[in-house]
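In structure tokens, one chain follows: the form predicted alone.
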């Protein structure tokens, strides 16, 4: 097998839920040796599901499975002094520590960057939190959605004009924070020679969202004339057609702004006379007449299926896409052809479909090849390999409650 792009990098994850585990997953899925530390009850995401048959089982959580592929898992009770000692010993010989606990928690455990770097000056620590390690909100209680709304993203994008903003699903802020942490954490690893050692990377999920969702289309306008854009509901207000339209078997994302795209759409629709009006060669004029145009487009789309509309429009150079359901996306031939859908054998779940590598590196392909660990599955192997603990020492840790029953 070809070694992963990050082969040789060692990572210790002391995280839970989404942001730190996904950040560590990106390292693991591209070849880094990632050891995940879980408390005796396991990462809380093990309780989230979804579960087969909706029967809760901490070894069968779909969320945990996705977020923790290719990792080795150990169980340590960090509320005990001995558990913290073992975590410090493990951190003394790794390249990266990834965590997402509330600011101050790692310091209270004696696992903060300053403490760990004293024994491991080359250590890069990635801390991912909703609001960052400093500032007046740093110690606030918060989740992914708190970070998303603090950024102004929901005011800008989510919901209809004049109505309440809507929450944004799928842990967008956590995933953006995780990708940000992985990218710049890796940069810090490869930049250690330049700066003379490791660093502490402070990732605010709110700031990651603000920079990507909000900044690009708002900073210029605010700086020039103090105007900040707000949500517009479905579609774009300055050009048309640029919206989601219903069709015979679902919906399509209809985008035909440039004259060539508009004329291509007209050809697909049989060149109706109303589309040849000169003013409609301008997307701004079409936007001003959207109330008249969209019903005419819908009259046509409702006669056709979304795949047919997409295929015919794409053939004419019009960037129209069918709006697929999750079930349809899971069977989509394009994703399958790119190797983005894969299957992994799990001892509790059986053979499970999973998502492959999100970034393509042909010379050293990444992606999940091993399932997420069972709770404490690699405790004995990791503590024996990294710290030289034998069976008697592991049994003593079990009696002390530092680890639960160790899996073989």
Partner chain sequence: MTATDPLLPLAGIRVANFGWVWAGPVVGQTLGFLGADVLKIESRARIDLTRMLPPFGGGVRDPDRSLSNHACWAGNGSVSLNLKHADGRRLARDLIARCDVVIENFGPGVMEDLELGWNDLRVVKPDLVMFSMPAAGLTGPLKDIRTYGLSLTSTTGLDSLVGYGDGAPIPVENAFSDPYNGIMGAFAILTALYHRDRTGQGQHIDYSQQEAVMQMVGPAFMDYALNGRSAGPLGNRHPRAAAAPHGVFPCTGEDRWIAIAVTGDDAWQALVDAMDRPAWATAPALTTLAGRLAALDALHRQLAAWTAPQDDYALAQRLQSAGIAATPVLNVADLLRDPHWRARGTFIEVAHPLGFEETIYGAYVKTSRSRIDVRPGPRIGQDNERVLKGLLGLDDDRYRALVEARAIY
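Numbering follows the first chain given and starts at 1. Note that this is a predicted model, so its numbers are computed, not measured.
Omitted here: the form predicted in complex with the partner chain. The next part is about that form.
Query raised in the report: At the 4.5 Å heavy atom threshold, is residue 101 in contact with the partner chain in the model of the complex?
Result: Flag for residue 101 set to no.
Query raised in the report: Though only this chain appears here, would residue 337 touch the partner chain in the model of the complex if you measure heavy atom gaps against 4.5 Å?
Result: Heavy-atom contact with the partner chain at 4.5 Å: present for residue 337.
Report task. Mark residue 207 yes when one of its heavy atoms lies within 4.5 Å of a heavy atom of the partner chain in the model of the complex, and no otherwise. Result -> Contact check for residue 207: yes, within 4.5 Å of the partner chain in the model of the complex.
Query - the partner chain contact in the model of the complex: residue 88, any heavy atom under 4.5 Å - result: Close contact is absent here: in the model of the complex, residue 88 is far from the partner chain, nothing within 4.5 Å, heavy atoms only.
Report task. Using heavy atoms only and a 4.5 Å cut-off, decide whether all three of 79, 116 and 375 touch the partner chain in the model of the complex. Result -> No, because 79, 116 and 375 lack any heavy atom that approaches the partner chain to within 4.5 Å in the model of the complex.
Query raised in the report: Exactly one of 73, 152, 83, 264 has a non-hydrogen atom within 4.5 Å of the partner chain in the model of the complex; which residue is it?
Result: Result of the distance check: 152.
Query raised in the report: Ok, 247, 297, 106, 186: which has a heavy atom sitting within 4.5 Å of the partner chain in the model of the complex?
Result: Residue within 4.5 Å of the partner: 186.
Query raised in the report: So which bits of 247 to 284 sit within 4.5 Å of the partner chain in the model of the complex, heavy atoms only?
Result: Heavy-atom contacts within 4.5 Å come from 251, 253, 255, 257, 258, 261.
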